[in-house]
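Coming up is one lone chain in C-alpha coordinates, specifically the form predicted on its own.
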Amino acid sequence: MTPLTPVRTVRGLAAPVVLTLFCAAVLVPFLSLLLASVQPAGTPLTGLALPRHGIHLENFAHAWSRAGFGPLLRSSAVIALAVVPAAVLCATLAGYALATMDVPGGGKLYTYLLLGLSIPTEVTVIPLYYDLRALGLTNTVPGLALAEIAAFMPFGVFWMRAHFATMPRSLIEAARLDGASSWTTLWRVLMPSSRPAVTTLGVLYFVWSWNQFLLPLILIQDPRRRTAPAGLGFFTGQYGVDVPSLAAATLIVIAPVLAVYLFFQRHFINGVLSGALKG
(Lines give C-alpha, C1' and ligand atoms only; values in the text may rest on other atoms or scores of the structure.)
Protein backbone atom coordinates (compact mmCIF):
# COMPACT_ATOMS: atom_id res chain seq x y z
CA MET A 1 0.00 0.00 0.00
CA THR A 2 1.46 3.35 -1.10
CA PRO A 3 1.76 5.82 1.82
CA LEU A 4 -0.03 9.13 1.39
CA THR A 5 2.14 12.13 0.66
CA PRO A 6 1.61 15.39 2.61
CA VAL A 7 0.06 16.97 -0.52
CA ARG A 8 -2.47 14.15 -0.88
CA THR A 9 -3.23 14.31 2.83
CA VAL A 10 -3.97 18.04 2.60
CA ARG A 11 -6.15 17.52 -0.51
CA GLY A 12 -8.02 14.73 1.25
CA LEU A 13 -8.77 16.93 4.25
CA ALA A 14 -9.66 20.05 2.25
CA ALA A 15 -13.13 18.89 1.18
CA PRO A 16 -14.32 17.82 4.68
CA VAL A 17 -12.96 21.03 6.20
CA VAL A 18 -14.68 23.23 3.62
CA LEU A 19 -17.97 21.30 3.98
CA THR A 20 -17.75 21.60 7.78
CA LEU A 21 -17.24 25.36 7.54
CA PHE A 22 -20.21 25.76 5.17
CA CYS A 23 -22.42 23.61 7.42
CA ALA A 24 -21.39 25.69 10.45
CA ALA A 25 -22.11 28.94 8.56
CA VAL A 26 -25.67 27.69 7.87
CA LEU A 27 -26.50 25.81 11.07
CA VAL A 28 -25.04 28.10 13.76
CA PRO A 29 -27.26 31.15 12.96
CA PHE A 30 -30.32 28.88 12.64
CA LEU A 31 -29.50 27.17 15.97
CA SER A 32 -29.01 30.57 17.61
CA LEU A 33 -32.40 31.69 16.28
CA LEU A 34 -34.09 28.50 17.48
CA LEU A 35 -32.60 28.75 20.98
CA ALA A 36 -33.52 32.44 21.25
CA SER A 37 -37.15 31.71 20.29
CA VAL A 38 -37.73 29.47 23.34
CA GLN A 39 -36.24 31.84 25.94
CA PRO A 40 -38.53 33.80 28.32
CA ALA A 41 -40.07 36.87 26.61
CA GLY A 42 -38.06 40.04 27.11
CA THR A 43 -34.82 38.23 27.91
CA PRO A 44 -31.78 40.13 26.57
CA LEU A 45 -29.72 37.68 24.49
CA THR A 46 -26.43 37.74 22.61
CA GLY A 47 -25.18 34.77 20.61
CA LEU A 48 -25.87 31.14 21.51
CA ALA A 49 -27.59 30.75 24.87
CA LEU A 50 -29.18 27.54 26.20
CA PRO A 51 -32.63 27.96 27.82
CA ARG A 52 -32.04 27.92 31.60
CA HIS A 53 -35.65 28.67 32.61
CA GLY A 54 -37.47 26.05 30.57
CA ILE A 55 -38.71 26.06 26.96
CA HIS A 56 -41.24 28.85 26.32
CA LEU A 57 -43.23 27.87 23.23
CA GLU A 58 -45.81 30.54 24.06
CA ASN A 59 -43.51 33.03 22.27
CA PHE A 60 -44.79 31.62 18.97
CA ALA A 61 -48.41 32.17 19.96
CA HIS A 62 -47.69 35.71 21.16
CA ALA A 63 -45.77 36.56 17.98
CA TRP A 64 -48.56 35.10 15.82
CA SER A 65 -51.29 37.13 17.55
CA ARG A 66 -49.34 40.40 17.90
CA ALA A 67 -48.16 40.57 14.27
CA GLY A 68 -51.34 39.01 12.82
CA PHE A 69 -49.38 36.44 10.83
CA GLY A 70 -52.52 34.66 9.63
CA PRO A 71 -53.47 37.27 6.96
CA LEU A 72 -49.79 38.02 6.25
CA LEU A 73 -48.94 34.39 5.48
CA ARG A 74 -52.12 34.02 3.42
CA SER A 75 -51.18 37.10 1.39
CA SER A 76 -47.65 35.77 0.81
CA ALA A 77 -49.03 32.38 -0.26
CA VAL A 78 -51.48 33.96 -2.73
CA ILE A 79 -48.72 36.05 -4.31
CA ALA A 80 -46.30 33.10 -4.50
CA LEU A 81 -48.98 30.90 -6.09
CA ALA A 82 -49.66 33.62 -8.65
CA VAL A 83 -45.98 34.29 -9.41
CA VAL A 84 -44.30 30.87 -9.49
CA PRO A 85 -46.39 29.02 -12.15
CA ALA A 86 -46.58 32.05 -14.46
CA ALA A 87 -42.87 32.87 -14.13
CA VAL A 88 -41.79 29.24 -14.67
CA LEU A 89 -44.04 28.94 -17.75
CA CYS A 90 -42.76 32.18 -19.30
CA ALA A 91 -39.10 31.33 -18.57
CA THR A 92 -39.52 27.82 -20.01
CA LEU A 93 -41.12 29.06 -23.24
CA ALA A 94 -38.57 31.86 -23.67
CA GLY A 95 -35.60 29.59 -22.89
CA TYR A 96 -36.87 26.93 -25.31
CA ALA A 97 -37.36 29.45 -28.12
CA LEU A 98 -33.97 31.12 -27.64
CA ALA A 99 -32.11 27.78 -27.39
CA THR A 100 -33.70 25.78 -30.22
CA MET A 101 -35.25 28.23 -32.71
CA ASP A 102 -33.92 30.87 -35.05
CA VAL A 103 -35.68 33.78 -33.36
CA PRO A 104 -35.17 37.07 -35.27
CA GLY A 105 -33.04 39.28 -33.03
CA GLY A 106 -32.81 36.45 -30.50
CA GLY A 107 -29.19 37.25 -29.60
CA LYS A 108 -29.95 40.91 -28.90
CA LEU A 109 -33.09 40.00 -26.98
CA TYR A 110 -31.14 37.52 -24.83
CA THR A 111 -28.44 40.13 -24.14
CA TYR A 112 -31.16 42.62 -23.17
CA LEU A 113 -32.65 40.09 -20.76
CA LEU A 114 -29.25 39.37 -19.21
CA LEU A 115 -28.86 43.08 -18.44
CA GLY A 116 -31.70 42.60 -15.98
CA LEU A 117 -29.39 40.45 -13.83
CA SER A 118 -27.11 43.43 -13.23
CA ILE A 119 -29.82 46.00 -12.37
CA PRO A 120 -30.73 46.05 -8.65
CA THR A 121 -34.37 46.25 -7.62
CA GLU A 122 -33.71 49.49 -5.71
CA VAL A 123 -33.07 51.28 -9.03
CA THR A 124 -36.38 50.29 -10.62
CA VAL A 125 -38.82 50.18 -7.71
CA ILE A 126 -39.74 53.90 -7.66
CA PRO A 127 -40.43 54.23 -11.44
CA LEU A 128 -42.27 50.91 -11.19
CA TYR A 129 -44.45 52.28 -8.40
CA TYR A 130 -45.52 55.30 -10.47
CA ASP A 131 -46.16 53.13 -13.56
CA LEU A 132 -48.34 50.70 -11.61
CA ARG A 133 -50.14 53.57 -9.86
CA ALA A 134 -50.98 55.08 -13.27
CA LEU A 135 -52.50 51.72 -14.24
CA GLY A 136 -54.37 51.41 -10.92
CA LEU A 137 -52.40 48.30 -9.94
CA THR A 138 -50.83 49.43 -6.66
CA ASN A 139 -52.19 47.74 -3.53
CA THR A 140 -53.26 44.79 -5.67
CA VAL A 141 -52.03 41.21 -5.98
CA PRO A 142 -51.87 41.35 -9.83
CA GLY A 143 -49.66 44.45 -9.69
CA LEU A 144 -47.18 42.92 -7.26
CA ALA A 145 -47.27 39.57 -9.10
CA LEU A 146 -46.48 41.22 -12.44
CA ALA A 147 -43.58 43.15 -10.88
CA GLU A 148 -42.09 39.99 -9.36
CA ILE A 149 -42.53 37.96 -12.58
CA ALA A 150 -40.69 40.66 -14.51
CA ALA A 151 -37.94 40.84 -11.88
CA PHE A 152 -37.43 37.04 -11.92
CA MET A 153 -37.52 36.64 -15.71
CA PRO A 154 -33.83 37.37 -16.56
CA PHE A 155 -32.49 34.55 -14.38
CA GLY A 156 -35.27 32.17 -15.42
CA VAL A 157 -34.63 32.68 -19.14
CA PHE A 158 -30.88 32.30 -18.57
CA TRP A 159 -31.42 29.08 -16.59
CA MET A 160 -33.85 27.41 -19.01
CA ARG A 161 -31.99 28.50 -22.15
CA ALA A 162 -28.78 26.96 -20.75
CA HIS A 163 -30.69 23.77 -19.97
CA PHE A 164 -32.30 23.41 -23.41
CA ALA A 165 -29.04 24.37 -25.19
CA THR A 166 -27.24 21.40 -23.60
CA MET A 167 -29.88 18.86 -24.61
CA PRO A 168 -28.99 16.62 -27.61
CA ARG A 169 -29.83 18.34 -30.90
CA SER A 170 -30.45 14.91 -32.42
CA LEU A 171 -33.42 14.49 -30.07
CA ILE A 172 -35.04 17.68 -31.36
CA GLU A 173 -34.23 16.93 -35.02
CA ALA A 174 -35.64 13.40 -34.72
CA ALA A 175 -38.89 14.79 -33.30
CA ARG A 176 -39.16 17.31 -36.14
CA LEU A 177 -38.47 14.61 -38.75
CA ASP A 178 -41.36 12.63 -37.27
CA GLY A 179 -43.61 15.63 -37.88
CA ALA A 180 -43.78 16.92 -34.30
CA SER A 181 -44.58 20.61 -33.94
CA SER A 182 -42.48 22.91 -31.76
CA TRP A 183 -45.15 22.69 -29.05
CA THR A 184 -45.20 18.86 -29.18
CA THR A 185 -41.38 18.71 -29.17
CA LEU A 186 -41.27 20.83 -26.04
CA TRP A 187 -44.00 19.13 -23.99
CA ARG A 188 -43.73 15.52 -25.21
CA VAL A 189 -39.97 15.18 -25.89
CA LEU A 190 -37.99 17.71 -23.84
CA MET A 191 -40.08 18.38 -20.74
CA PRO A 192 -40.04 14.80 -19.34
CA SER A 193 -36.24 15.04 -18.96
CA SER A 194 -36.39 18.69 -17.82
CA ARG A 195 -38.24 18.15 -14.54
CA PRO A 196 -35.15 18.68 -12.27
CA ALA A 197 -34.33 22.00 -13.99
CA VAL A 198 -37.96 23.19 -13.90
CA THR A 199 -38.43 22.08 -10.28
CA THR A 200 -35.22 23.83 -9.21
CA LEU A 201 -36.34 27.03 -10.92
CA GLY A 202 -39.77 26.76 -9.28
CA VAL A 203 -38.24 26.32 -5.80
CA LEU A 204 -35.92 29.29 -6.34
CA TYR A 205 -38.83 31.43 -7.55
CA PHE A 206 -40.91 30.45 -4.51
CA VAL A 207 -38.08 31.34 -2.11
CA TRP A 208 -37.44 34.67 -3.86
CA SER A 209 -41.13 35.56 -4.00
CA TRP A 210 -41.69 34.60 -0.35
CA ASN A 211 -38.64 36.55 0.84
CA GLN A 212 -39.38 39.68 -1.21
CA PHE A 213 -39.32 42.65 1.12
CA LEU A 214 -38.78 45.85 -0.89
CA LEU A 215 -41.36 45.34 -3.67
CA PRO A 216 -44.27 44.47 -1.30
CA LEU A 217 -43.21 47.28 1.05
CA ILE A 218 -43.39 49.90 -1.74
CA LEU A 219 -46.19 48.53 -3.94
CA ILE A 220 -48.55 47.40 -1.12
CA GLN A 221 -49.45 50.31 1.17
CA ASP A 222 -52.55 48.69 2.67
CA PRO A 223 -51.49 46.98 5.97
CA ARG A 224 -54.18 44.30 5.46
CA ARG A 225 -52.50 43.15 2.22
CA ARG A 226 -48.87 43.16 3.34
CA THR A 227 -46.78 40.02 2.97
CA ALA A 228 -45.15 38.13 5.85
CA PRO A 229 -41.58 39.57 5.43
CA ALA A 230 -43.00 43.11 5.23
CA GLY A 231 -45.09 42.41 8.34
CA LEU A 232 -41.99 41.09 10.09
CA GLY A 233 -40.24 44.37 9.31
CA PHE A 234 -42.97 46.33 11.08
CA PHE A 235 -42.99 43.75 13.90
CA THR A 236 -39.25 44.33 14.33
CA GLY A 237 -39.82 48.06 14.71
CA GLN A 238 -42.57 47.50 17.27
CA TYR A 239 -40.81 44.88 19.43
CA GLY A 240 -37.16 45.67 18.74
CA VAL A 241 -35.99 44.78 22.26
CA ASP A 242 -37.94 41.52 22.68
CA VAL A 243 -35.45 39.16 21.07
CA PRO A 244 -37.30 35.87 21.86
CA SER A 245 -40.53 37.18 20.24
CA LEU A 246 -38.58 38.40 17.22
CA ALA A 247 -36.86 35.03 16.87
CA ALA A 248 -40.21 33.22 17.11
CA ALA A 249 -41.73 35.56 14.48
CA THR A 250 -38.77 34.98 12.18
CA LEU A 251 -39.15 31.20 12.45
CA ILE A 252 -42.86 31.51 11.63
CA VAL A 253 -42.01 33.46 8.45
CA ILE A 254 -39.29 31.10 7.22
CA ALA A 255 -41.14 27.86 8.07
CA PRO A 256 -42.95 27.64 4.66
CA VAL A 257 -39.65 28.13 2.82
CA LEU A 258 -38.04 25.29 4.78
CA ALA A 259 -41.07 23.06 4.16
CA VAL A 260 -41.00 23.66 0.39
CA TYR A 261 -37.25 23.06 0.21
CA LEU A 262 -37.43 19.82 2.21
CA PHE A 263 -40.35 18.57 0.07
CA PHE A 264 -38.53 19.22 -3.23
CA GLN A 265 -35.01 18.60 -1.85
CA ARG A 266 -34.16 15.64 -4.09
CA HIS A 267 -35.31 17.36 -7.31
CA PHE A 268 -33.64 20.63 -6.26
CA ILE A 269 -30.24 18.99 -5.66
CA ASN A 270 -30.51 17.00 -8.92
CA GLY A 271 -31.31 20.20 -10.83
CA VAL A 272 -28.43 22.16 -9.29
CA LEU A 273 -25.94 19.33 -9.89
CA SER A 274 -27.18 18.85 -13.46
CA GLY A 275 -26.81 22.57 -14.17
CA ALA A 276 -23.33 22.65 -12.64
CA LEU A 277 -22.12 19.64 -14.66
CA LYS A 278 -23.59 20.93 -17.92
CA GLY A 279 -22.27 24.43 -17.28
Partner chain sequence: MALTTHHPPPVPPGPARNRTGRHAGARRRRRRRATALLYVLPALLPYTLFAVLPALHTAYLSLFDWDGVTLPSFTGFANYRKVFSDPQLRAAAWHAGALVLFFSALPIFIGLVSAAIAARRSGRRGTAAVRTLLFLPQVVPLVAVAIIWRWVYAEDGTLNQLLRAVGLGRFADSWLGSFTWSLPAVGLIGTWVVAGLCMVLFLSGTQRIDQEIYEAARMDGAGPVREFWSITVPLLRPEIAVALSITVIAALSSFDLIYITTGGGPGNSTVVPGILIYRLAFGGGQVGLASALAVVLTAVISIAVLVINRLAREAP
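All values reported here derive from a predicted model rather than from experimental measurement. Superpose the two forms; the largest set of C-alphas matching within 1.5 Å is the rigid core. Positions refer to the first chain, counted from 1.
Heads up, the form predicted together with its partner chain isn't pictured, but that's what we're talking about next.
Legend entry - Partner contact for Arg195 in the model of the complex: its partner chain, 4.5 angstroms, heavy atom: Result no; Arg195 lies far from its partner chain in the model of the complex.
Inset, instruction - With heavy atoms only and a cut-off of 4.5 Å, decide whether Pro29 touches its partner chain in the model of the complex. - result: Residue-level check for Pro29: yes, a contact with its partner chain.
Inset, instruction - Decide whether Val157 counts as a contact residue for its partner chain in the model of the complex under a heavy atom distance cut-off of 4.5 Å. - result: Looking in the model of the complex, residue contacts with its partner chain include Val157, since a heavy atom lies within 4.5 Å.
Legend entry - Heavy atom of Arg133 within 4.5 Å of its partner chain in the model of the complex: So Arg133 counts as contacting its partner chain.
Legend entry - Interface residue in the model of the complex among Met191, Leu93, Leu171, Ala77, criterion: non-hydrogen atom within 4.5 angstroms of its partner chain: Contact check passes for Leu93.
Inset, instruction - Identify, from the list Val103, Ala162, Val141, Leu81, the residue with a heavy atom within 4.5 Å of its partner chain in the model of the complex. - result: Of the candidates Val103, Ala162, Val141, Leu81, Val103 is the one lying within 4.5 Å of its partner chain in the model of the complex.
Inset, instruction - Could you run down 201-230 and flag each residue that has a heavy atom within 4.5 Å of its partner chain in the model of the complex? - result: If the 4.5 Å heavy-atom criterion is applied to its partner chain in the model of the complex, 201-230 yields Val207, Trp208, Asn211, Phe213, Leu214, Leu217, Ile218, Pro229.
Inset, instruction - Inspect the rigid-core superposition and answer whether the C-alpha of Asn211 shifts by 2 angstroms or more between this form and the one not shown. - result: Not so; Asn211 is displaced by less than 2 Å.
Legend entry - Flag for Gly70, CA shift 2 Å or larger between this form and the one not shown after aligning core: Shift at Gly70: below 2 Å after core fit.
Inset, instruction - Compare the CA separation of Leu190 and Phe268 in the model of the complex with the one in the displayed structure, and answer closer or farther (the difference is at least 3 Å). - result: Their C-alpha distance grows by at least 3 Å in the model of the complex.
Inset, instruction - Compare the CA separation of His267 and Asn211 in the model of the complex with the one in the displayed structure, and answer closer or farther (the difference is at least 3 Å). - result: Compared with this form, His267 and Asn211 lie closer in the model of the complex.
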